[in-house]
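The chain below stands alone and is given in structure tokens; this is the form predicted on its own.
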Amino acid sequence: MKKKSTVILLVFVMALCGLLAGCGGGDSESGKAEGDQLKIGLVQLVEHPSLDTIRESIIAQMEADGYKDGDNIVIDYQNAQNEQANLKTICQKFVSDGSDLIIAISTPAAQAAFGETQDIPIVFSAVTDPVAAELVKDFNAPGGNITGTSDLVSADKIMELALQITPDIKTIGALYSSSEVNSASVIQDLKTYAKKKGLKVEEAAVTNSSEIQQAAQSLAGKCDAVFSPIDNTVASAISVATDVFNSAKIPFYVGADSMVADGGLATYGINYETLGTETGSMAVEILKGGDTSTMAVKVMDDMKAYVNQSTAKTIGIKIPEAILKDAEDLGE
């Protein structure tokens, strides 16, 4: 009799626990108990202004949307210091820690995260061509556990701006990292444009930032102007490149506004704060149950010219008023 009463009591307690769990004790969207913090792994390839701006804007937008670090989410921010091996280790840790979402800033970071998990949702930022990087099947239908925002800019548009500012260009240098698939893609677009315009392209591909000075010096002696796409390796040591080109009075056209602020002459591109804000909004949508496989990659369409008047004066170039009236000067 005593044994039977114990069994009945146990069944009652289990039923009561189940009832309580079904009456609002959990979060049906995240699978987390109420009050639990969601784990966000945030990995950035390297520190430089564009990527830093993206990261800060992502965090600010997530907080504005109700996801605050240290409150209902915990953000584990890691910087790989431009080392591929570090990216792999960081992303493996995010997976083993049971992250609810991984945010990857830059193409190499996104590739590393995607290489470690096809289960945890991933949102990337500053991936120029996610299809070429083999992250998504299609911009409009990614098809897997990863989506995000693209910083795709047109080499054609930047070169059109370059020819308005310095119309006598005959040979354009291409300074980029051979290990970054997005950079190679943009340089191919540059070659196609140059061929149509009868321009010659001189390439200087580097594998790490320590090679940039020598590569820049080699181009300065051969070219009328130099172009670098949105390239993490070049951007991380851009002061080295701008010192070389500005000393040689060679106009240096770049892919990002931060690269203009750091001494490049001009670009036609996107605002990285806006890119980060859009990425943060996508991260929140995913945390609320959004499906990465059907969530289209966002490409920024709000573009403008950015110039550096200080650099222009240094190298003895006058930027036309027609450009200045609509451009943002980052040289002050």
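Counting begins at 1, following the sequence as shown. Remember, it's a predicted structure, so these values are computed and weren't measured experimentally.
Keep in mind that the form predicted together with a small molecule is missing from the display, and what follows is about it.
Open item on the list: Is the small molecule in the predicted complex close enough to S99, A283 and I286 that every residue in that trio has a heavy atom within 4.5 angstroms of it?
Closed with: Judged in the predicted complex, none of S99, A283 and I286 sits within 4.5 Å of the small molecule.
Task: Per-stretch contact check against the small molecule in the predicted complex, the hit in 232-240, 189-197, 72-80, 136-144 (non-hydrogen atom, 4.5 angstroms) - done: Single hit among the candidates: 232-240.
- [ ] Identify, from the list L42, M62, L51, A305, the residue with a heavy atom within 4.5 Å of the small molecule in the predicted complex.
- [x] Contact check passes for L51.
Task: Heavy atom within 4.5 Å of the small molecule in the predicted complex - residue from V127, A216, C91, V123 - done: Filtering the options by heavy-atom distance leaves V127.
Open item on the list: Does any part of Y268 reach within 4.5 Å of the small molecule in the predicted complex? Heavy atoms only, please.
Closed with: Result no; Y268 lies far from the small molecule in the predicted complex.
- [ ] Report whether the minimum heavy atom distance between A113 and the small molecule in the predicted complex is within 4.5 Å.
- [x] So A113 does not count as contacting the small molecule.
- [ ] Report whether the minimum heavy atom distance between S177 and the small molecule in the predicted complex is within 4.5 Å.
- [x] The answer is no: S177 has no heavy atom within 4.5 Å of the small molecule.
Task: in the predicted complex, G173 touching the small molecule (heavy atom, 4.5 Å) - done: No - in the predicted complex, heavy atoms of G173 and the small molecule never come within 4.5 Å of each other.
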